[in-house]
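Heads up, the chain below is alone and in the form predicted alone; it's given as structure tokens.
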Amino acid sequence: MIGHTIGLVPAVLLAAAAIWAAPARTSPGNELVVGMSAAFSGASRGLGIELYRGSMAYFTEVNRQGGVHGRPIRILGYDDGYQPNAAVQNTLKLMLEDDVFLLFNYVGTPTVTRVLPLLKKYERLHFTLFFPFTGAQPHRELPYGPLAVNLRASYRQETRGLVDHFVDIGRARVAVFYQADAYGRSGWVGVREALSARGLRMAGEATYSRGTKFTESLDRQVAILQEAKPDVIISIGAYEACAAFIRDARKAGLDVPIANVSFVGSESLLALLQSASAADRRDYTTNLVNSQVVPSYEHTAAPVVREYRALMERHAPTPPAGFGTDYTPLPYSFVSLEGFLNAKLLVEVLTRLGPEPDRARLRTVVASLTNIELGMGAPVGFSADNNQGSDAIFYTTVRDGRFVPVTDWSEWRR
């Protein structure tokens, strides 16, 4: 059964809402229950579903081996459809009614930024949000930073890397296409700051509304940016809208490189573009660059990639119960790999917490983690003043119908 709260729902209905949960092998009183609110429906459902699947591949293996200090891990979650109001209500239920041990794998800046004040309000309950799928700043800075733990690098780091690489090869007229909310604005600020550091200004900008679907026209945004005559466009958005923008830009003859940050969901973006390419008999997949915060799942030299691929194949994690009946799970993806890494690091935290888990000690344990090797090529670590474990950024482009690592930026030199 599932939780599905989109928009404002009366408290009595919310309390009666059904929930889904990953199966566990022991009694509920012995479980470590983590609460998740994410998009399992709507235009961004591929993000929530794949993040969940990647985490479940790791948790299932841990549970089969006896759990953490004999306790299985169970994900208890609700669908928020990438809508802030639903995320708020889901979080209140997870904390105050379900009494989960911690919050985990939330998806998106607009949802997370609305949830952070709740964590502050109920700080006496010692809830911590672990590894949200967003690179925004509010949960990396005071006053909310101490209430969250991040694994991934920030949007400021991703956008700075993209700006620096493109400017270095002569593409200094940088325009931005972004979602008109806290997420898009966070990336917009990152681009602006990166350009300012090099004495440059944005060439142009255009926005779209959260929830825009691939079937919608983005000709107006294309026309705005085409008039700006950019050398490159950096997109801060979700996969359906960004794919629609790329399609319409290419149709209009706007053939400059278009870059996306990690949140976009690279494989879902590419699948839409490949479908449109086949239908329109033209290629919409050229001149794309996506930044990532995890290594490529094709990079099997990385130990965690080999482990991830093996466990995804062994356990074949399904979408959350009640969702994904018309969704085809991806064999591998950057999003599910991130979910896998999130689960792996969380198990490390819970293991160090000891056989008698105490929610109030979680942040102290996290701050003690230094040089933790997850197998991704560089150790992760935290401190009392640093709640972000990794600064790693990877860059990918499309070759032969898949995203592969960028090895030479000079192909986009002006």
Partner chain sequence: MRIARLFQKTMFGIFLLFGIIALSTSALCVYTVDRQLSTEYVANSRTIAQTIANSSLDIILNRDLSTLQSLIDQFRELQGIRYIYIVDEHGDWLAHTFVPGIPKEILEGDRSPDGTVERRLPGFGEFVEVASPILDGIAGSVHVGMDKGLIALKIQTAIGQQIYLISIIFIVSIVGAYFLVNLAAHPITQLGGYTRMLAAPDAPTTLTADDARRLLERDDEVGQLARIARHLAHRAETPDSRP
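Residue numbers count along the first chain shown, from 1. Since we're looking at a predicted model, the values are computed, not measured.
Unshown form predicted together with the partner chain; subsequent notes refer to it.
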Notebook entry, point to check: Which one of these stretches, 200 to 208, 250 to 258, 158 to 166, 293 to 301, sits within 4.5 Å of the partner chain in the model of the complex when only heavy atoms are counted?
Noted result: 200 to 208
Check: Pick from Asp181, Glu307, Asp231, Glu267: which residue has any heavy atom within 4.5 angstroms of the partner chain in the model of the complex?
Finding: Asp181
Item checked: Of Glu313, Glu141, Asp283, Asp99, the one that lies within 4.5 Å of the partner chain in the model of the complex (heavy atoms) -> Glu141
Check: Are any of the heavy atoms in Ser186 no more than 4.5 Å from a heavy atom of the partner chain in the model of the complex?
Finding: yes
Checklist line | the partner chain contact in the model of the complex: Arg114, any heavy atom under 4.5 Å | finding: yes
Check: Wondering, does Thr318 line up within 4.5 Å of the partner chain in the model of the complex on heavy atoms?
Finding: no
Checklist line | Heavy atom of Ile224 within 4.5 Å of the partner chain in the model of the complex | finding: yes
Checklist line | 4.5 Å heavy atom contact with the partner chain in the model of the complex for all of Ser44, Lys93 and Lys121 | finding: no
